[in-house]
Structures are given as structure tokens and as C-alpha cells.
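Below sits a lone chain in C-alpha cells, taken as the form predicted on its own.
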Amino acid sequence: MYTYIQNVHEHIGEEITIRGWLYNRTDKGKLRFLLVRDGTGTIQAVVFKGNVDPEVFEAVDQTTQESSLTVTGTVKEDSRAPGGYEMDVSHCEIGQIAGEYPITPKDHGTAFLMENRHLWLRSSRQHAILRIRHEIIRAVRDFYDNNGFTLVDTPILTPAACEGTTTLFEIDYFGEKAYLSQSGQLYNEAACMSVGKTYCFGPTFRAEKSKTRRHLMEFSKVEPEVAWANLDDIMKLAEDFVSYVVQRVLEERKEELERIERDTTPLEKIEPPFPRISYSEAFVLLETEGTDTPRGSDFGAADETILSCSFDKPVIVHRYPRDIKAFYMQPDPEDSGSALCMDMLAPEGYGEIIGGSQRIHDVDLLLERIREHKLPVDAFKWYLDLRKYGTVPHSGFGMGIERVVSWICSLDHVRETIPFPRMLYRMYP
């Protein structure tokens, strides 16, 4: 039987066997200190020359960084050791002696690290980020699964745009034009008319020629959609959702947050209610800070940074001008020039993490908006059908996983939030 390092505390005084990779080795006389990782943790394995066969000790001396090995030994507590436990080694079997490892303790440039992303993932920091990302995704699923939502998978190949035609990846679909999905929202609207509360969760694609620290060409998005819900309902849902995810990570991933040296004080404040301001109120704040963005335009990255640094919790900005938003957003009945929509901006300068709206549920108004946006009516025939057969008000939003990982981990760039990022002019490895 093999033991995972995360479980060694259950075997103090016992002999166990672990399998992993050599993270580091220190030699002192007749002692070899092996820092071994197995994906669940790291432990120091101490090899004393007198305790192992001569050929074993000689083999240990040949090991290099990232060599694979199987180590048998007795577990003991030691506060000085990484993780608080240590192994006195009785046997060590080498799986493979790794070649000269390209990533060393010295500083490497970003381009070099991205070129070696398949190996960079093994570093302590990247390992911690992957574990935090995993916890965020678990929390997302648990929140919706435990609150009466039904997961519905939406297609990745679509015949029409959801967010606009300028950022679509076009492909040939047996002689017809098709596109990689920008969002599962439209299909999710159909699903919510079946199950009431639904969510989809998967990869989405944007052919956006942007090189900012917040953009990827491929990313993961979770999108809830709720029948009978209005804008206020989904703003409340978004507050509860984001608070749950943050508190879950704080509770379950303390070790990983410490490893990446994340100051968790700002995250501990993330609980409802969140501040809410209208688009007009947001612009008053931006203008006092000297923004160059004209009123009536969407916020740029600098504007989002200003707004999100003005609050110590996520801020919800609602009721943007209708003309700068998507065709499917319900107009505000009290101001036809505004849409019943909202964005949530993460604090500490991280900007938008959620975008959502109340959807148009009147078939004639929706048809008018499709034509205004010069979209192909035939491609949206099924979407219009949803408004012909028992239409009801409904609302939803989308949250990008990578932007949330970036914020919770306090990362400088979104490229570290996903195992293999797809960015402008980078698709390797």
C-alpha cells in the first residue's frame, strides 16, 4: 500500500511508502535530505548511509531535481521539517533520473516560463494556484447544486453570436459557418423554462485581440439562469454566490493561500451586502478621478480599476446605457435608454468578474432588437420561440473562473490562473 503525503499525520511511528518526485536534495556527510512531493504535499525524507543498502545510497546520490522515486520509511513529527513531518528512510527505489531541469531557483522571464508551462506547473506556487482554482470550481458547483439549480450542458459549437460578431472564432461545419461559443446563455434561457433554475459551466471562447492582464482567448465560465427572476433577484444571487466561494476558499485552502503569500485580510470582508451603484453614479466617481472615457461609453480597464479600488467589497454597477449592451437585455421601464443589467467588479483593482441582466421576454421587442443589431433572424428563430410559448421574465449572469482565481490569489496576470493559457499569439504548449 502507498500513502499520500497529505495523510502522513495518520501514520506517526509507522513505516509507510510514498511515491513522488524529488523537489530538492541537500547533502550533509552521511545524510541525504530529500524533499519529496507527490501532488498532495511535500515531505522531507532523510537517508542515513548506515540505514540503507550501499547501492541505495549510491542511487540516491545520482538523483536530480524532478527525478521520480519511491521512498519507504518511518514517519515522525518534526516542527523544523516542511509540513511538520519527516521520514527516516529504510529504502528508496529510483523510477527515473531526470535530465537537467530547465527551471531552476534563479529568476526566469515570463516568456521562458510560458514556453515551459508544462513544467512550470510543478512549482510550489503554481501547484498552490491550481489547488485554489480546484476549490473555487468545487465551491461553484456545490453552491448551485445545493440551491436547487440543475446543471444543463450547452453546446460549444453554435450557429450564431451571443455577445457580438467581432470576437467570434469561425469554423467550417460541413460547409456551413459555425462558431466557438462565447456563452451558453441563450441555450440556458431555454433550459430555465424547463427546470426553473439552471446553470451551465464550461469553456468559452473570445477572438478578442487584447493583451491586457485580464484577457484570455479560452476561459471557463459559469452561467446561472432563473425563470421569474428580475434584476434585483440576480444581484442578490451574485452577492450570495461570490461570498460563498470566497469564504469556502478561505476555509479550505489556508495552506495554499499562505504559500502564495496572499494577504487574506481583504478577502475576510467579502460577505453581503455589497455596494450597488448605477452607471450614472459610477461616472460621477470616475469623473472626479479624471477619467478620459466619455459618458455613454463602456468602462475601460482603467475605469474598472478606479471603481474597484474605491470599495473594500465587490461593487455592483447596474443600469448601463442600452446602446452599449447586448441585444437581449431588458430595457429599464423607468428609463428606456438604460438596460436592466449589472456588472460586478472585484475589489483591489481586479475589475469585472460577473456580467448579467434581466432578459427581454417580449417577442416583438426581442425581434426589434435583433434587427437593430443586424443579426440573422433565422438563426434566432428558436430563441424567439421561447417568447411565444409561455414567456416569463427571467434573468441570469456569467462569471469567469479565471478572473476570480486571479483576484482571490492576488495575481498580476490571468495567465497563471489556468493550466495552459490561450492568449493572443500564444498557443504553445
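From 1 onward, residues are counted along the sequence shown. Predicted model only: the values in this text are computed from it and were never measured.
Not pictured, yet referred to below: the form predicted in complex with the RNA.
* Can you say which of 372 to 380, 388 to 396, 357 to 365, 24 to 32 gets within 4.5 Å of the RNA in the predicted complex, counting heavy atoms only? -> Result for this chain: 24 to 32.
* To do: Could you confirm whether Asp332 comes within 4.5 Å of the RNA in the predicted complex, counting heavy atoms only?
  => No, Asp332 is distant from the partner.
* Using 4.5 Å between non-hydrogen atoms, is Arg206 touching the RNA in the predicted complex? -> Yes, Arg206 is a contact residue.
* Asked: Is Gln44 a contact residue for the RNA in the predicted complex, using a 4.5 Å heavy atom cut-off?
  -> Flag for Gln44 set to yes.
* Looking in the predicted complex, any heavy atom of Gly109 within 4.5 Å of the RNA? -> Output for Gly109 is yes: heavy atoms within 4.5 Å of the RNA.
* Asked: Is it true that Asn146, Arg276 and Glu281 each have at least one non-hydrogen atom within 4.5 Å of the RNA in the predicted complex?
  -> Not a single listed residue reaches the RNA in the predicted complex, so no.
* With the RNA left out of view, which of Gly300, Gly202, Gly196, Pro321 would have a heavy atom within 4.5 Å of it in the predicted complex? -> By the 4.5 Å criterion, the partner-contacting residue is Gly300.
* **Contacting member of Arg117, His127, Lys221, Arg262, with respect to the RNA in the predicted complex [4.5 Å, heavy atom]** => Checked against the cut-off, the match is Lys221.
* Asked: Does any residue in 207 to 226 get within 4.5 Å of the RNA in the predicted complex, counting heavy atoms only, and if so which ones?
  -> Stretch hits, in order: Glu208, Lys209, Ser210, Lys211, Thr212, Arg213, Arg214, His215, Leu216, Phe219, Lys221.
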